[in-house]
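The data below hold one chain only, encoded as structure tokens and taken in the form predicted on its own.
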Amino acid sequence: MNGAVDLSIFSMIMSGVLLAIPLIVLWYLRTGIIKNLLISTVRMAAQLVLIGFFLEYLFRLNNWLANIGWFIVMICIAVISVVKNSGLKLNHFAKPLLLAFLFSNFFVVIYFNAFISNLDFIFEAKYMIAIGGMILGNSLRANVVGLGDFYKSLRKDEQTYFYKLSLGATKYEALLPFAKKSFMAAINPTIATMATMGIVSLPGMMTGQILGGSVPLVAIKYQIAIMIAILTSTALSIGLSILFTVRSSFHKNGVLKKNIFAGK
């Protein structure tokens, strides 16, 4: 099978023309986000072009130290994005979230390369960066939902938390219902995606491999493996994120610190 057809400059221009449809809809509805959409589109294109050149160099170099270093940079950027989009303060959550993301995502990527892809060189650039990016991206989205929901729900329904404490529950026992609710909110989209995959949608990795020349059966095997890896990293990262951040987000008397929220 041949690889994907290269897209010409004309093809990219026609892709830009397609953008006119959502822009017209947004203009008609007077949403006020047309400027943000255009800026985001330009930023996306610029970032992807730049990262494309960088990855070509990284793949040619294929140095284990450089590959790990870049993956850590990806994790750091993901942590910053999670905190910003969760309405929390970066200086308070950066360290515990970094530890949670490093452990969960690094572990799953190395496991995938060593025991699923069976690579001789487990730090292979194209596997570590591509597979790691897919796993990390899903962890990011799950943590924005889960972590934000956990602390917002706790602040909104703090009296329930205090009531459980008054009945003799430990801090972790009183927080468990909040953690369970947020964990499910974070992981349910991944489970729903898995349940409808192949019928409702053809996932990105499978489509990319088929366009790249892989036979469908090989693409399907990789897609099954990557979805299990994504589910595992999502579960690990959101669980560890809540666990690690809880340790420093409360006063000694068990009261939630109000200065952990952005704008406080």
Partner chain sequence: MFQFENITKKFSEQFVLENFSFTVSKGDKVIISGKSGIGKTTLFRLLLGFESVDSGAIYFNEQKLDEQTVWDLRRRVAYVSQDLNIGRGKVRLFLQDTLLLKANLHLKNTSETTIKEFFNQFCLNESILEKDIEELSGGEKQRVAIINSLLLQRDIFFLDEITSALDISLKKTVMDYFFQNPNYTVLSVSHDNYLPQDIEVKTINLEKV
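Quantities reported herein were computed from a predicted structural model and do not represent experimental measurements. Positions refer to the first chain, counted from 1.
Beyond the structure shown, there is the form predicted together with the partner chain, which is absent from this document and is the topic of what follows.
With a 4.5 Å cutoff on heavy atoms, residue 160 counts as touching the partner chain in the predicted bound form. Residue contact check for residue 120: none of its heavy atoms lie within 4.5 Å of the partner chain in the predicted bound form. Proximity of residue 194 to the partner chain in the predicted bound form falls outside the 4.5 Å heavy atom cutoff. The shortest heavy atom separation between residue 247 and the partner chain in the predicted bound form exceeds 4.5 Å. Just one of 164, 84, 155, 95 comes within 4.5 Å of the partner chain in the predicted bound form, counting any heavy atom, and that one is 164. Of the candidate stretches 74-82, 136-144, 110-118, 171-179, only 171-179 contains residues with a heavy atom within 4.5 Å of the partner chain in the predicted bound form. Contact residues in stretch 234-251 (any heavy atom within 4.5 Å of the partner chain, taken in the predicted bound form) are limited to 251.
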